[in-house]
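So this first bit is one chain, no partners, the form predicted on its own, shown in structure tokens.
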Amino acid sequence: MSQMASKARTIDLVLPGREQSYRVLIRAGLRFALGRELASLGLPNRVFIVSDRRVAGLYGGQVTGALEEAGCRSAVLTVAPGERAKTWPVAARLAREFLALGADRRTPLIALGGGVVGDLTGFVASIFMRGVPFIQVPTTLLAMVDAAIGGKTAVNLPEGKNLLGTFYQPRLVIADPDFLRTLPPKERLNGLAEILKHGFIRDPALLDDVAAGHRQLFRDQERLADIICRAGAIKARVVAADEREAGLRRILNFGHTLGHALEAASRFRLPHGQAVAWGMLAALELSRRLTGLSDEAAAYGRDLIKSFGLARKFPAVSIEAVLSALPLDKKREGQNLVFVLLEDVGKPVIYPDVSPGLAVECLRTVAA
């Protein structure tokens, strides 16, 4: 069975009481069917694509060509690669460019890129003329299994990550594992960190399956598509149960409280996956101290994270800068922090009363 002939894996994200549910489609080569998929949604045949300059150079022509073959006119707008693009001034600039190009309230916006492009494009889509249709075409593993699913959009402020944002669901997510052939090794690690997170909070078997021969994972497109589908389905089920993070969805923040603080302390130079890996290591230590996670389970988690090449060397950031960034976390309650911890692997618990000092102490412990 060829990759193009293989059937797309499908995740249906059904939001209770909402008309806008949507599908995540996963198949190698699926980007060439983007025009057909848009037509099936009844969207207008003129679209705007947002991408970073690197991804646009690699795949912009393929995507616009596929859209043209389906009778869809498109234009590509680019931003700089990385977190430096995820800011309010860039969002405002994109909105003005859409307006100048004649976009209206029905004009779809397509995010072609990783989590940064998806967050940025989704944020603009949610506020431009009070909301326009939004399509996710993730090109990184992290975005395919996590960032493109669930409708969280945001831009950063100098003080911290994702401090301006909305909940705004896409109309469709197209995940084509062929994009990952050109993904740099550090970006593969970013995605693997999020897959591990999903395993820690919901599916211990996923951890074992990914660990078995993970160095060959990107050479086996069918196995890779299966892992993407399994991890993405975990995210989709949690979002369907709690779209706006009133309760259950908070478990998706395992490793992210300290992870985001590390990113902010590094001025967003530290890759997201590496930051989350250190955050998960600290969360495992906190879990050992606060929620009864066994020494054996904590050691298993530590060894697994490090076996992937994550968290090899503590980043060149000051602990004081991390401590300064923690009070800006969106999930804090009063002076203390809300952490996602584990009672066991696959059994998360929301712990609402972690002091910043204890969190940093655990980070120091795992960094030693």
Ligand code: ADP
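Each residue number is its position in the shown sequence, starting from 1. Since we're looking at a predicted model, the values are computed, not measured.
As for the form predicted in complex with the ligand, it is not shown, yet the points below apply to it.
Asker: At 4.5 angstroms, heavy atoms only, are 55, 116 and 187 all close to the ligand in the model of the complex?
Answerer: The answer is yes; 55, 116 and 187 each reach the ligand.
Asker: Let me know the one among 160, 165, 81, 204 whose heavy atoms come within 4.5 Å of the ligand in the model of the complex, would you?
Answerer: Comparing distances to the ligand in the model of the complex, the residue within 4.5 Å is 81.
Asker: Please identify the residue among 183, 248, 217, 95 with any heavy atom within 4.5 Å of the ligand in the model of the complex.
Answerer: Result of the distance check: 183.
Asker: How about residue 136: is it within 4.5 Å of the ligand in the model of the complex, going by heavy atoms?
Answerer: Contact with the ligand, no.
Asker: Can you tell me whether residue 179 touches the ligand? I mean in the model of the complex, with a 4.5 angstroms heavy atom cut-off.
Answerer: Yes, residue 179 is a contact residue.
Asker: Can any non-hydrogen atom of residue 142 be found within 4.5 angstroms of the ligand in the model of the complex?
Answerer: Yes - in the model of the complex, heavy atoms of residue 142 and the ligand come within 4.5 Å of each other.
Asker: Is there any non-hydrogen atom of residue 59 lying within 4.5 Å of the ligand in the model of the complex?
Answerer: Answer yes; at least one heavy atom of residue 59 falls within 4.5 Å of the ligand in the model of the complex.
Asker: Using a 4.5 Å heavy atom cut-off, which of 290-298, 277-285, 107-115, 68-76 contacts the ligand in the model of the complex?
Answerer: In short, 107-115.
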